[in-house]
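Given next, in structure tokens, is a single chain: the form predicted alone.
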Amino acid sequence: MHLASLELRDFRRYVHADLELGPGVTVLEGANGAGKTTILEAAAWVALGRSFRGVPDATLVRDGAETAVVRAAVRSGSDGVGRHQTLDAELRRAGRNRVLVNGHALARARDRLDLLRVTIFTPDDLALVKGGPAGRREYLDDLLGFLAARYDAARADYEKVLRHRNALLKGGLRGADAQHTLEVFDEQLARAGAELVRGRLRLVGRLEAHLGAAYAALAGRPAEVAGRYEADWAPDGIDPDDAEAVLRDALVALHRREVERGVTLAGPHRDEWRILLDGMDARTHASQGEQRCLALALRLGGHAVGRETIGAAPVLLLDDVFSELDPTRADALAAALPAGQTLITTATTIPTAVRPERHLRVEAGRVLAGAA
């Protein structure tokens, strides 16, 4: 699949931009603050229905306007023209957005994934390795949702029950009715949580087949890259078949402490996926260069798993990634990029191994055809 065209109106700083895109590599070059990342943000919005920068849709509407428009055409098929689909979205500063796919109202948010899928690289990806466990949990859960609808549903169910359960615990659990409600929440949380954990464990296994190869290509040396999934509620390890019962028992055993603290103390929202480089915890023992290679390997590994699952390459969006790398690693990343459509933003030069189909200049919210 590839994004054939992208039109923006009153999106961020753009009054109007209209891009025709080919199935290969497009480079968007410009100074910092020119609006390069906004193009990637709009492309990702087509697939995700949200900004990958984590901001509300209302902030995407240009100052002085009440609505922003994103229009996209997507082509898919072995020859790139086998199927043509469109998305028309009106993002509103106040009220609900209006989204049409192929001229019809979007029935389910997940239907976007039938239109377009993306893999996003940003300089902030270093936090996947260097930061705390929350970022790694989010990485796994986002990729799971990308791969299968049931994990999206399990994640949503889990987060909903967790909010209600925490609210109940904060209230002090007064009376028999509250105790009964907690027991109901225990069952629901264990059921959704176990489904999410089973998905994470399967995904971790699939990723490991790709991480070592990707890291070796980027770092220029072979290395053992592995992950260790850890859960306090299952200190002896997790048997996927018993995960629901073990999690439920842990929740029951923690009731008193949870009431004292007013928060749920067991479940996948507290688990850790520890990334190991040559047997050592990469968060604490890897150099920053090694950590950056691992972060890139995580994105490349996730992209490979996605391609295996859906039978098509997601669109690669690389936001100013090369500027964060030394020349050797930048060349290695360029050589390791998989085939398919790639949009690259840069404020500097790009490696010679990158052969763009189109090279555009971005200046102050305008996209200019052609760059030197």
Partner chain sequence: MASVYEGPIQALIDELGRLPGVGPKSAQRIAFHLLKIPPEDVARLATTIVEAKRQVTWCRRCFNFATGDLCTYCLDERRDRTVCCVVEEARDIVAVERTHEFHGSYHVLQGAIAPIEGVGPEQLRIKELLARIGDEGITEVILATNPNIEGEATAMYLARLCKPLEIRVTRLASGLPVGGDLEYADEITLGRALEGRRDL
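Numbering follows the first chain given and starts at 1. These numbers were taken from a predicted model, which means no experiment stands behind them.
Beyond the structure shown, there is the form predicted together with the partner chain, which is absent from this document and is the topic of what follows.
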Option from 291-299, 176-184, 258-266, 218-226 whose residues, in the model of the complex, bring a heavy atom within 4.5 Å of the partner chain
176-184
Quick one: is Q188 in contact with the partner chain in the model of the complex, heavy atoms, 4.5 Å cut-off?
yes
D125 near the partner chain in the model of the complex, any heavy atom under 4.5 Å?
no
Can you check whether H104 is within 4.5 Å of the partner chain in the model of the complex, heavy atom basis?
no
Find out whether any non-hydrogen atom of L276 is located within 4.5 angstroms of the partner chain in the model of the complex, and reply yes or no.
no
Which one of R98, H285, R206, R150 is close to the partner chain in the model of the complex, taking close to mean a heavy atom within 4.5 Å?
R150
Can you work out which of E272, E90, D141, D157 has a heavy atom no more than 4.5 Å from the partner chain in the model of the complex?
D157
Would you give me the residues of 50-73 that have any heavy atom within 4.5 Å of the partner chain in the model of the complex, in order from first to last?
none
